[in-house]
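Okay, here we've got a single chain as structure tokens, the form predicted alone, with questions on binding and movement later.
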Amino acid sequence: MPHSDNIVYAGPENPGKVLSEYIGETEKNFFLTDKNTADKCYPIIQKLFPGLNDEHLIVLDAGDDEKNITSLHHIWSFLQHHGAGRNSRLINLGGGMITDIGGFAASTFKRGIPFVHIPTSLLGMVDAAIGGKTAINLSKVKNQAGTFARAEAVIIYPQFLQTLPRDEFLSGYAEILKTAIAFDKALFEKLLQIKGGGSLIKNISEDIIRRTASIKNEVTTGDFHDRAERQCLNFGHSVGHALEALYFSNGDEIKHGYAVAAGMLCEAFISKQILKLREEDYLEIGKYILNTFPNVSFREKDIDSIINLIRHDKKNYGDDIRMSLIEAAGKCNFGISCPEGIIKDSLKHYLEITGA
């Protein structure tokens, strides 16, 4: 059973001390970043550890479409060429793409080397870096190949949030909202008091980040291999991942959190039909999502393609589409069979209420 104490908070008063405990300044360390975090975040680490070996820095292009087998092979080859061994450590400095592929690379290189996540995005701090799931995309479908492998530590350093553009921050906020809706009614009610726009960034406190990260850590520790309650963390993701894949297949990209927000609205609609989520609860959730996140554009003729993409979801059982749905705010159920017709109705309803 994995331990639950691997989330570490590095406040502004002692980041060097916290980081040195887990990564230090050693030639055995390798850093993985994308071009954005290499430019904006790696220099912050260098100031704390000026002797870091830049020759051990692996840099990928930015964007979720880089989470592929070619990038994975590049990481493996870099580690091999530079003499990484079983006692080396890969430090994944970046958002969800970097922690996903970095964890996968480390967990499979020489049958597994230690790795540490330092998430630099809100999405990474509250979701992607926590819980031990690693993955790459295959043929434009999200997270089709991966492992379960727990990081030695997930170091949360809120200063990195200052480097984020607003759309990246808002994308991460969708995962906070998802966690609240699925697991914590009190947190959801607290979020309802936060308006969109500039006040959103100002009002996402460290306490909210800590609470969200704590919920995910607790749930994933209790169900590490995703066979029961952990599936509730996928509320909004069955539809959301399919929307992302639709965009990818068209040579476009959408922020993960925006797709998940649309997915939550659709899956709340499905919850109303199947689990009898109260109409007033559905309307409250829907209103908040529509007032907070940009609408996701797709066409009615895309709905069949979206359904086919949902069929790739790992929670499905044969031809039976399974989702995690809510019966009330803070109360989620997993493994719920969802008829295709109701899913289509939810997507049509989304188009109607958004005018997309």
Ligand SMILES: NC(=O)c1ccc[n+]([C@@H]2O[C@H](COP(=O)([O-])OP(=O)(O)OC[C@H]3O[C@@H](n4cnc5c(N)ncnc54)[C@H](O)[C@@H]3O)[C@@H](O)[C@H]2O)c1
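Residue positions are given as counts along the sequence shown, with the first one as 1. Because the structure is a prediction, the values reported are computed rather than measured.
Just so you know, the form predicted together with the ligand exists too; it's not on screen, but the next bit is about it.
Colleague: Among 317 to 325, 286 to 294, 302 to 310, 61 to 69, mark the stretch whose residues have heavy atoms within 4.5 Å of the ligand in the predicted bound form.
Modeller: In the other structure, the partner sits against 61 to 69.
Colleague: Have a look at N92, T212, S271, S121 for me and say which one sits with a heavy atom within 4.5 Å of the ligand in the predicted bound form.
Modeller: Going through each option in turn, the one that passes is S121.
Colleague: Check D34, A128 and E168: does every one of them have a heavy atom within 4.5 Å of the ligand in the predicted bound form?
Modeller: Yes: D34, A128 and E168 each sit within 4.5 Å of the ligand in the predicted bound form.
Colleague: With the cut-off set at 4.5 Å between non-hydrogen atoms, does K216 touch the ligand in the predicted bound form?
Modeller: Residue-level check for K216: yes, a contact with the ligand.
Colleague: Tell me, yes or no, whether I254 is in contact with the ligand in the predicted bound form, where a contact means a heavy atom of each within 4.5 Å.
Modeller: Flag for I254 set to no.
Colleague: Going by a heavy atom distance of 4.5 Å, is K142 a contact of the ligand in the predicted bound form?
Modeller: Contact check for K142: yes, within 4.5 Å of the ligand in the predicted bound form.
Colleague: Given that the partner is absent here, does L265 sit within 4.5 Å of the ligand in the predicted bound form, heavy atoms only?
Modeller: Judged by the heavy-atom cut-off of 4.5 Å, L265 is well away from the ligand in the predicted bound form.
Colleague: Heavy atom within 4.5 Å of the ligand in the predicted bound form: which residues of 78 to 117 qualify?
Modeller: Contacting residues: G95, G96, M97, I98, D100.
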